[in-house]
Structure formats: structure tokens, C-alpha cells
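Take a look at this single chain in C-alpha cells; it is the form predicted alone.
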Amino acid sequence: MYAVRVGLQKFGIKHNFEIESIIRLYARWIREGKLSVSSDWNKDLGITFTLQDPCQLVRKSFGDPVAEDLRFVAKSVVGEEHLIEMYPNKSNNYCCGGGGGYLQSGYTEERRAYGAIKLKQILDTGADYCIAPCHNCHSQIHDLIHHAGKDIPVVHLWTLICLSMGILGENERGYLEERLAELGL
């Protein structure tokens, strides 16, 4: 999304469509009742989550309004009382160090060293899980946590949306740890 948006601007390509984040659409669809999500599955479990604000989505594209939508969606699917904020957050959140192609650059030790700030930020929350709506953030944070020998699963936002709706398929549960992998089956 970021590359398309910036490419259109940089090269002056005329277009007749709006570029929108799926996060904004999730929030709109939940508010309109088109996505029937619920955090009821987590009321008794009390599993806590923290939330990564992707640089390309928040700081470099849509700013705090999309960060607020991201929180609305996350709270809708895990419960407001189960979301623990990182500090700083939103447009001021620290970069995970995996975006913009760096994840695939081959500079693994440098990438991990840069990501140490993000790892500490996540660990400081004490959350059980980290929600990462961006694939690069998800892979980078997963690698940082695994490399540090910590046990905090990283989960995609859409996975939690599907889980909260009772439609997450068995084949989509492979990377979830035990507390979530069997829910709703």
C-alpha cells in the first residue's frame, strides 16, 4: 500500500481510486456491523496483547487516525481491558527494524541489533501476545523474540478478527500457541 501510494505521487501517475488501509476498512466494517466481531472469547481467559504500530502504515502514511482505528479493532476483538499499550506509541512508536526490505536484506545481526529497542518495548508491556498488522513487522518481531529466547507469540490482526468471529480455520492456527490454537473448534 505504501509503495503504491508513494509511487503514484513520485511519478505523478493519475488515478481515479482512493488508497485506503485495510485497518481503516476493518474499523469501518465493525462500526457498521458488517464484521460481527466479539471479544467474549477472551473474557474468562484474560489473555493480554500489545500492539505494534507499523511505520509504513502509521508514521509514513495515515498518522494517528489509523493508529486509533487499529486500537479500536484490536479492542473489539480482544477486549479493551486486555490491550496493553507500548510507550511511546502511535506516530511516535519505535520502528521494529524489519520494514522497507530490511528483513530480506541479509544483514541479520544488524537488523536484530536495531530491533533490540522494539524487543525491549514489547517485553516491558508484560503482554502475553504481540499483535502485528504488518507482515514485515510480524516476521521481524517473531525473529527478535525467538532469537532472544522469549515466549511471546506474534499474531496477525486478521487472525484475531477471524478467531473472534468463530471462523478461523484449522489450517490457519499453525503458529498460534496452545491457548489460542484450540479456541472455537
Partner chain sequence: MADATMETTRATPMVVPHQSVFLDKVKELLPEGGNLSMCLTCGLCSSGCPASGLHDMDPRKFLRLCALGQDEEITSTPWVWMCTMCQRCVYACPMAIDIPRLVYEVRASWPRETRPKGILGSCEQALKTEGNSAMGARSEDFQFVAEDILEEVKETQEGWDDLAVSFNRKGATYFLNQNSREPVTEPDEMVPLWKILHTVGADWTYSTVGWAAENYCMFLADDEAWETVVRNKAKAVDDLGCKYWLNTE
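Positions refer to the first chain, counted from 1. The model shown is predicted, which means the values in this text are computed figures rather than measured ones.
The protein also exists as the form predicted together with its partner chain; that form is not presented, and the subsequent description refers to it.
A.B. asks: Mind checking whether each of Leu25, Arg28 and Ser139 has a heavy atom within 4.5 Å of its partner chain in the model of the complex?
C.D. replies: All of them do, each having a heavy atom within 4.5 Å of the partner.
A.B. asks: Find out whether any non-hydrogen atom of Gly99 is located within 4.5 angstroms of its partner chain in the model of the complex, and reply yes or no.
C.D. replies: Within the cut-off, so yes.
A.B. asks: Quick one: does Gln56 come within 4.5 Å of its partner chain in the model of the complex, counting heavy atoms only?
C.D. replies: Yes, Gln56 is a contact residue.
A.B. asks: Would you classify Thr159 as touching its partner chain in the model of the complex, given a 4.5 Å non-hydrogen atom cut-off?
C.D. replies: Result yes; Thr159 sits at the interface with its partner chain in the model of the complex.
A.B. asks: Would Ala113 count as a contact of its partner chain in the model of the complex, using a 4.5 angstroms cut-off between non-hydrogen atoms?
C.D. replies: Flag for Ala113 set to yes.
A.B. asks: At 4.5 Å between heavy atoms, only one of the stretches 28 to 36, 143 to 151, 45 to 53, 122 to 130 reaches its partner chain in the model of the complex; which one is it?
C.D. replies: Going by heavy atoms within 4.5 Å, the stretch is 28 to 36.
A.B. asks: Listed by sequence position, which residues of 120 to 135 have a non-hydrogen atom within 4.5 angstroms of its partner chain in the model of the complex?
C.D. replies: Read in sequence order, the residues that approach its partner chain (within 4.5 Å, in the model of the complex) are Pro133, Cys134, His135.
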